[in-house]
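Single chain ahead, written as structure tokens, the form predicted alone.
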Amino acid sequence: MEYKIIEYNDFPNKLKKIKKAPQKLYLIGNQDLLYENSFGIVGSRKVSEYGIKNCENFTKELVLRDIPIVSGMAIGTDTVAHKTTIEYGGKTIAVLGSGFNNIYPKENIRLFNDIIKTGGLIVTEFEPEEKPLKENFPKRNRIITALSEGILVIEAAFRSGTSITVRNAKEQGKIVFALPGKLDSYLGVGVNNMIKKGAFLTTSIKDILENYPQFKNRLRKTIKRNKSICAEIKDEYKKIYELLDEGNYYIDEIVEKTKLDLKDTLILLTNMELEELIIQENDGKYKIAKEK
């Protein structure tokens, strides 16, 4: 896998201001994005329907103003932010907590490739063989916030990893925006605490834009990918398609219920995704693609 390395002296100023800044970064993709005014979107890996809906809405509004979106390519909120950015024709930056030869999570390898193909950027401070160690992710988070003019927290549980990102943002002088959390959800506890401690209560895109003159008056027309479904299903797809027409399933459940070989199932699922018959949800389950 080809990548570029930039040394500390060539960093944009916003990266040089990081506490204990890395001495070099590994990059794949559109390096110019490092120098643009971007915005970070973060939140829980176990994102709820409430979180998904609002993450999609706020990401869309930022992307339609040609604002690159920064996140960490984790399962959950990060994935929603990256995918929505791509869907609406925007550019996104993914900051990894591992090296390029150990992409994590593996479920997002396709997303990794999609980000690059659509003019986005993948960034990591870790050597190519570095594994996704637990202690790497707080380091990753400080780069997410450094690249971002501000960050929006979608959801967060009590003492979640997102709180580290928020702390980094505050130390770097960035504004932290947070959606009000649902009172009956554990994913609302952490984010509501953040609001109590000074995060900007955010209920509309205007709450963000009014703090950044450079983001105003940039609205463009919607550009959205076609997600139409093929009218006819190939014979080799029918077992899986008919199963998913009944509900959403993980790959091991699909193998068990269809009695197909695992290797064959993986190939079929990949081909069906490429043909936009099915999609993989943020929780790893597969479902029938619906036209939006």
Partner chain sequence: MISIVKSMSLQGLEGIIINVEVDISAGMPCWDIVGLPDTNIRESKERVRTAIKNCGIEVLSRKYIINLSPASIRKDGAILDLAIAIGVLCSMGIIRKNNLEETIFIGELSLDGKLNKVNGILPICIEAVKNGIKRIILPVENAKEAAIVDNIEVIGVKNLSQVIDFFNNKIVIQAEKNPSKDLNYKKQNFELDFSEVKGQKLVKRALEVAAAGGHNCLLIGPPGTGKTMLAKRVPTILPDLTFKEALEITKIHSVAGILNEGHLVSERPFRSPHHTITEKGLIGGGKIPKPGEVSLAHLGVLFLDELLEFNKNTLEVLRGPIEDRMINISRVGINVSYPCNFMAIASMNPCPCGYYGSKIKECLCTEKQRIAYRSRLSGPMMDRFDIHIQVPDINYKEMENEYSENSISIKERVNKARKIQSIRYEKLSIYSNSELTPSLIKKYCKLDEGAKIIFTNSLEKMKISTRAYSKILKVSRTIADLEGSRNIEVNHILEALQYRCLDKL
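Positions refer to the first chain, counted from 1. Basically, rigid core = biggest C-alpha set you can superpose within 1.5 Å across the two forms. The structure displayed is predicted, hence computed values, not measured ones.
Beyond what is shown, the protein has a form predicted together with the partner chain; the following relates to that form.
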>> Please tell me whether the candidate spot formed by Asp32, Thr202 and Ile208 is one where all three residues come within 4.5 Å of the partner chain in the model of the complex (heavy atoms).
In response: no
>> So the partner chain isn't shown here. In the model of the complex, which residue out of Leu179, Ile86, Leu187, Leu147 has a non-hydrogen atom within 4.5 Å of it?
In response: Leu187
> With the partner left out of view, is Tyr50 within 4.5 angstroms of the partner chain in the model of the complex by any non-hydrogen atom?
Replying inline: yes
> Does any heavy atom of Glu236 come within 4.5 Å of a heavy atom of the partner chain in the model of the complex?
Replying inline: no
> Quick one: is Ile251 in contact with the partner chain in the model of the complex, heavy atoms, 4.5 Å cut-off?
Replying inline: yes
> How about Asp10: is it within 4.5 Å of the partner chain in the model of the complex, going by heavy atoms?
Replying inline: no
> Among 239-247, 254-262, 63-71, 32-40, which stretch sits within 4.5 Å of the partner chain in the model of the complex, heavy atoms only?
Replying inline: 254-262
> Since the partner is left out here, which residues of 249-285 would have a heavy atom within 4.5 Å of the partner chain in the model of the complex?
Replying inline: Tyr250, Ile251, Asp252, Glu253, Val255, Glu256, Leu262, Lys263, Leu266, Ile267, Leu269, Thr270, Asn271, Glu273, Leu274, Glu276, Gln280, Asn282, Asp283, Gly284
> Once everything's superposed on the core, is Asn271 shifted 2 Å or more at the Cα between the shown form and the other one?
Replying inline: yes
> After fitting the rigid core, is the C-alpha of Lys53 off by 2 Å or more between the shown form and the other one?
Replying inline: no
>> Given a superposition on the rigid core, I'd like a yes or no on whether Glu281 shifts its C-alpha by 2 Å or more between the shown form and the other one.
In response: yes
>> At a change of 3 Å or more, would you call the C-alpha separation of Ser71 and Asp283 in the model of the complex closer or farther than in the form supplied?
In response: farther
> What happens to the Cα distance from Tyr249 to Lys53 in the model of the complex: does it get closer or farther than here, with a change of 3 angstroms or more?
Replying inline: closer
